[in-house]
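We begin with a single chain expressed as structure tokens, specifically the form predicted on its own.
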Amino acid sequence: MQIIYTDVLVVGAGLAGQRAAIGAKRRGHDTIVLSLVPAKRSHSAAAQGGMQASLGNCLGASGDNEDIHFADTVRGSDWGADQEVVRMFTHTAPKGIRELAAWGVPWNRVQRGKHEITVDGKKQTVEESDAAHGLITSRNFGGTRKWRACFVSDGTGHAMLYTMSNQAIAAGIPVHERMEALALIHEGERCCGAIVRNLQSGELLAYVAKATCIATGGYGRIYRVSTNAVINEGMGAAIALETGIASLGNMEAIQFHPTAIVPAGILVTEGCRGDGGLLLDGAGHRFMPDYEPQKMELASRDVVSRRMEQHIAAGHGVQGRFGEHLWLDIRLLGKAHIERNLREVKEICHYFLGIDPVNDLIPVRPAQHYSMGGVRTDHRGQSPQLRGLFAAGESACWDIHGFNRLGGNSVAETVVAGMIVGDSMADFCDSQEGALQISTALVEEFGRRERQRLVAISSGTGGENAFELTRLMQDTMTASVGIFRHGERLREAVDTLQGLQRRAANITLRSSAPGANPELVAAYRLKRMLKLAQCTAFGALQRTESRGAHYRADYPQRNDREWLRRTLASWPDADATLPTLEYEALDIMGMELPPGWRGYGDRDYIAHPDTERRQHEIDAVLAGLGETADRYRRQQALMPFEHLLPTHLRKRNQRVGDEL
């Protein structure tokens, strides 16, 4: 077996993976990126609406800053996020977006003068200032108090990924395409690289590295209808789980996006509603103000998705050929706006629905969209259990999203986490801890183990079909571990998944071709997807509360007293059919923003006993500083975070009107 040595190995060539690779390479470390597909075909290209960063340039963003972005993100997470990491994120996001601009991302810009916008279904005229002319502009997104989503029409991810990929090429970073990591090589609690399969030839190779980064995206394909690409099956998180050492965080936290087209499940961006689009029911009635009179269509995604399903269940949906749905109306935005700022949406509607959104309503229904869970990391992006293993982007639980992600924060996270993790890996490689001594015998043993697994699958005679079992898994997750969850259905899902795990041991392949073999790939991925599905279902069963996107109909209250904790799932016994769950308490006494009301629905939650005490502490600290203290001093007095950042990222961000 060929062994390839490098300083840094990045598994995944999307925005997070390539930015992390660029960061490590800048510091002088040899870096290799592995990708299932050509880098510019990574799922990051599918991001449409925007990247959150508090630039504060346009009129709708006026007054925005890191403090407001921080508060929006913490509330959006339903207080499940790590607040120190959220601070690191909101501080670095403006730097990330400006770096991308310098690299060539053609962000939409502020244009001085009067402009017509659509707000609450009505046309308004606003006037942009001369001072902001030519600066990066932003659009409105759900769950935010300011217009913060910086965009490139509705092809934001495409523009970002192509630019990022070009930078990686310029840096001389090799991307090994059509390569899949099958297992992490580890010695004790030290990660040393990965065993990798060439998807074209079937050859197994070993990549030995001082630092290994998982950046493979989400695991949305454990569901039947998902906005995720077909490659988003969670294999990066799965191979970390299969070490039996690394843990996954908050796997039950699954986001459903309100506006996926019916029946394909392809996303149409939140930018449609941010720009003024409306949600209508079967009678043409705009229903969101009935449920959420303040934020309406721009409530947080978990809230809008639940309200949509609730409205359909009440009999107000549209009876369509492919089941019930609701309407998204962007006709009021006008042809010029749609063809300038929502071009991808128009193309999707044309090619997949045969309609023109300039004149026609778009059939939509919530679909699985994002995985808040992933490889649990510390603030540096490193696994606390497995040294040398890092993760970034959707495959990580870093944890800025908690139990619900704000739109645009994921695209921002890929860049920001990539920036920070790239430096963290370089620091690790430069340290004594990063020194690596590993025997070729151990590497060969990991390779032999994976080869035996593939042979066992190829020679199986049990008669089970990998594609059929995958479909049953996806149906189970969609039916029982979706937007609304209930203990009885979750228990049934756990039992069903255990049965599928047993059946997956008896798969028979029609072809045992050693090279390109989609059936073999489906078979070995299925076993890992079932583990991820079980972490999700079993974690949801155990969490007897509702928080963010995790909504238990039998436990509708958020329960901070019992459940202000992060779920940690591990799989120490390879033959087990259930994960081992542990819980990591969130420290209220260290929070800058103690738990409270999110701003949606009733003020109905069970408070943590330390919340009031922490709020009194905060009030006393701020009173002691006096009214003359600026926001930086006030923030640092409550929860210092800048020391956690790489030195070159600690400087303050500048905005229109700030003194040089």
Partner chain sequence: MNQIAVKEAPRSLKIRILRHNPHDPGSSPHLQTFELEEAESMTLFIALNEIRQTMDPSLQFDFVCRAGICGSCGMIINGRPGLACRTLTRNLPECITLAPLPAFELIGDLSVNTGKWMRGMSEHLETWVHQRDQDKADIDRLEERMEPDLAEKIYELERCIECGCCIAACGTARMREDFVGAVGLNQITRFRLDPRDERSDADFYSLVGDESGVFGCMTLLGCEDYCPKDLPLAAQIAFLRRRMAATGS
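Numbering follows the first chain given and starts at 1. This one's a predicted model, so the numbers in the text were calculated from it and none came from an experiment.
Note that the form predicted in complex with the partner chain isn't included here; everything after this is about it.
Chemist: Assess the spot marked by 123, 246 and 598: is the partner chain within 4.5 Å of a heavy atom from every one of these residues in the predicted bound form?
Modeler: Zero of three within 4.5 Å in the predicted bound form.
Chemist: Though the partner chain is not shown, can you say which of 142, 363, 80, 220 has a heavy atom within 4.5 Å of it in the predicted bound form?
Modeler: Of the candidates 142, 363, 80, 220, 363 is the one lying within 4.5 Å of the partner chain in the predicted bound form.
Chemist: Out of 618, 45, 32, 68, which one falls within 4.5 Å of the partner chain in the predicted bound form, going by heavy atoms?
Modeler: None of the others qualify; the residue that does is 45.
Chemist: Is the gap between residue 285 and the partner chain in the predicted bound form 4.5 Å or less for some heavy atom pair?
Modeler: Output for residue 285 is no: heavy atoms all beyond 4.5 Å of the partner chain.
Chemist: Taking the shortest heavy atom distance, is residue 28 within 4.5 Å of the partner chain in the predicted bound form?
Modeler: No, residue 28 stays farther than 4.5 Å from the partner chain in the predicted bound form.
Chemist: Does at least one non-hydrogen atom of residue 134 fall within 4.5 angstroms of the partner chain in the predicted bound form?
Modeler: Output for residue 134 is yes: heavy atoms within 4.5 Å of the partner chain.
Chemist: Given that the partner chain is not shown alongside this chain, does residue 645 nevertheless sit within 4.5 Å of it in the predicted bound form, heavy atom to heavy atom?
Modeler: No, no contact at 4.5 Å.
Chemist: Where does the partner chain sit in the predicted bound form: which of 610-618, 33-41, 589-597, 627-635, heavy atoms within 4.5 Å?
Modeler: Of the options given, it is 33-41.
Chemist: Counting only non-hydrogen atoms and a 4.5 Å cut-off, give the residues of 255-284 close to the partner chain in the predicted bound form.
Modeler: The stretch touches the partner through 263, 264, 265, 266.
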